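Coming up is one lone chain in structure tokens, specifically the form predicted alone.
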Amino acid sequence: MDVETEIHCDLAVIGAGMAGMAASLFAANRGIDTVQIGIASQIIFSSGLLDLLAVHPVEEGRTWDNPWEALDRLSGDLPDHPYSRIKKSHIRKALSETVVFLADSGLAYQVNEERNSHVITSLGTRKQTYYVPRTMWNGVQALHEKKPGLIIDIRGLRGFSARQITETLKPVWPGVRHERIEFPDMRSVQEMYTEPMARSLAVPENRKKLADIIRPLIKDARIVGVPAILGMQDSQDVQQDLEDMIGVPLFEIPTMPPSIPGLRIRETFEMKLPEKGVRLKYRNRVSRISKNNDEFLLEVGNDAPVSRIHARGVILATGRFLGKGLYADRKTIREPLLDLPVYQPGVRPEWHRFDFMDPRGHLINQAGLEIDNRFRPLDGSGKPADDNLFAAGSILAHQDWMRMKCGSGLAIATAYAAVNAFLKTTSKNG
């Protein structure tokens, strides 16, 4: 085996999604020498919203204005859900630590502490969420106040129709209308993409051109909604500059993936985690994990191992099927790295219900790793597979993050729990 580097660390975090990013952040903030490994992050497919909990029970479709009351109900109903293993005070601390980091890095978030907020989606529906990017917050307030509004879309941008959004919103926001514009200097482009538009607005002259197009369309509108394209790491400056030029508040509406707000989060973590001492091995896959005495040995590389990482502890934040944390064939679901047991429906026909839109969801969405109260995956006998092996995020069993509207909150809170469990274990043994 031709290995280029040998790396020694306290903790190896496997996964580049929200759970892996959050785990690396929490570890760095606690002085833990950390290496993070992961292939392409799925964060870019997220809306940038940080959900906590909005739906429970799933089969009833009950929505909650107060996510903390929902957590109380969930803990009583589902004792094996990962949230049920974490104190609410720790969930609050985990979310707060994350949004402070993002705000310090230029991505500010807003929240109503004791209730979910309603955010307009690209379909014109309203999504309940907890922490909202500041670039979207004016829309939350406008929807509540019903002030006259204008929704703008861009010719050539697929999956975003201002007409559809306004027609869907009319029953709850009657004073909203729509317009379509040509994005500056891109008239000849037949199909538009959000990332080039967002990056172009880093140039002040491009912002002025866009403002000059929007200003005559405002008329009686007191607020303007646009696709989520207001810059990248400079989004707050772009928003403020455009607002000053058009004379009314702006707000972003999440678009179909890939998402600019999700890309902002990914780029922020990728830029700022190394400043905290995290060593990143992105776009690399862990091909094998073994244990030698008191340390794990991770072989890292896509086609062949190019690095070996020696770590006292490991956090699996590899996601489910899309992130390749779980693998399904025609008979079973496996965890491919360590061959850990996976909680799953007994036989393949039970994985999915007959009706694709069944409100109860599909049983396969509950599949994942079972853990103890210290977030250690269990082996076949129901005992921790290793004292220093932990898991976080969507790979965990007994949760349906998509239907429960708790994806980011679950990722962040379980990462917090896993890092603190590792810290307690090493302090006890150290």
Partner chain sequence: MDSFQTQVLVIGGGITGAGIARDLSLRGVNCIIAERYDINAGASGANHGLLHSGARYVSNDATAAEECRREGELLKKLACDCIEDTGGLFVAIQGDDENFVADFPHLCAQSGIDAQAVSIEEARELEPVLSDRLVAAYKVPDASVDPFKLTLDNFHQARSLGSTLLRHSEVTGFEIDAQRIVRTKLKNLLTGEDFFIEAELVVNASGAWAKEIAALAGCSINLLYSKGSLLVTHNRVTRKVINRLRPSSNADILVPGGTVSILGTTSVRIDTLDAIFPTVKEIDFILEEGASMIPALEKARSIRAYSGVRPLLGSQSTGDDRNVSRGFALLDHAENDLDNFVTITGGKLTTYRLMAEKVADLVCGRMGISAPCLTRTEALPSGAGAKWTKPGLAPKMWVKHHDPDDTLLCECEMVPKSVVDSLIDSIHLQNGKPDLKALGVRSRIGKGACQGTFCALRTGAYLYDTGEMENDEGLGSIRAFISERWRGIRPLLWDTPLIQAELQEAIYCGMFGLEIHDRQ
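Remember, it's a predicted structure, so these values are computed and weren't measured experimentally. Numbering follows the first chain given and starts at 1.
What follows is about the form predicted together with its partner chain, which we do not show.
Proximity to its partner chain in the predicted complex holds for all of S161, M256 and M357, with the criterion being a heavy atom within 4.5 Å. Though the partner is left out of this view, Q110 does not reach within 4.5 Å of its partner chain in the predicted complex, counting heavy atoms only. Although the partner is absent here, I181 is not a contact residue: none of its heavy atoms lies within 4.5 angstroms of its partner chain in the predicted complex. Its partner chain is not drawn, but in the predicted complex it has no heavy atom within 4.5 Å of K147.
In the predicted complex, its partner chain sits beyond 4.5 Å of every heavy atom of S290. Residues of just one listed stretch (65-73, 28-36, 375-383, 46-54) have heavy atoms within 4.5 Å of its partner chain in the predicted complex: 46-54. Distance criterion of 4.5 Å from any heavy atom to its partner chain in the predicted complex singles out K127 from the list R207, R312, K127, K272.
For the residues D303, E191, E114, D294, the 4.5 Å heavy atom test against its partner chain in the predicted complex is passed only by E191. Along 69-96, not one residue places a heavy atom within 4.5 Å of its partner chain in the predicted complex.
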